[in-house]
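In the block that follows, a single chain appears as structure tokens, in the form predicted alone.
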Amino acid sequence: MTTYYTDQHEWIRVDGDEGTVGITSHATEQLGDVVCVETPSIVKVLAKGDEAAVVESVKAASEIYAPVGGTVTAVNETLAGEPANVNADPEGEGWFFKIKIADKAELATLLDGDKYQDFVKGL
């Protein structure tokens, strides 16, 4: 499995032709305590960059964008009752949705872990 990042602080962990999407630790630090998560519907088709989900915190509401295009295959239903999982484990149990990737070539436009860390240091 390989993890990629966007400059909007989403991550996608790719396993075959499916990716699991969430937000980074940096994003959760900026947001503060997450109080609500709206995930996309299963079978929703997203283009790269489409608004896919919404995360609300005590500070603000933020859109979560699809890092690649594809079809939503699963959502993390535990977040409805336990949105704090996003803060507790943003790059693990706090994932938002899974997507069947339509075009794996889109992954080449994303950042690897080192490039994402350099990006965050420059903020």
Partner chain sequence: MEVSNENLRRTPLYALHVELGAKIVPFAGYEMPVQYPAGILKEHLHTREKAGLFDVSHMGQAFLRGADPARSMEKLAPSDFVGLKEGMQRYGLLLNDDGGVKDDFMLTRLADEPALYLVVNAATKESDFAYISARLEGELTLTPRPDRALLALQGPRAGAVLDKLSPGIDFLSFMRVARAKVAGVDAIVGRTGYTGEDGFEISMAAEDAETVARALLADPDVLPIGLGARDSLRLEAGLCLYGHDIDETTDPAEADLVWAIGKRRKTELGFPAAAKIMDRVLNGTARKRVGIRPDGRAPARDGTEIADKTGRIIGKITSGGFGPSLGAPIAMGYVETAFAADGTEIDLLVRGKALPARIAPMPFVPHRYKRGAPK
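Numbering follows the first chain given and starts at 1. Predicted model only: the values in this text are computed from it and were never measured.
As for the form predicted in complex with the partner chain, it is not shown, yet the points below apply to it.
For the candidate set Ala47, Ala61, Ile42, Ala88, a heavy atom within 4.5 Å of the partner chain in the predicted bound form is found for exactly one residue, namely Ala61.
Put simply, Ala74 is far from the partner chain in the predicted bound form: not one heavy atom of it is within 4.5 Å. When contacts are judged by a 4.5 Å heavy atom cut-off, Glu93 does not count as touching the partner chain in the predicted bound form. Remark: Gly69 does not count among the residues lining the partner chain in the predicted bound form, judged by a heavy atom distance of 4.5 Å or less. Residues Val14, Thr20 and Asp112 are none of them found to lie within 4.5 Å of the partner chain in the predicted bound form, as judged by heavy atom distances.
Along 25-43, a non-hydrogen atom within 4.5 Å of the partner chain in the predicted bound form is carried by Glu29, Gln30, Asp33, Val35, Cys36, Glu38, in order along the sequence.
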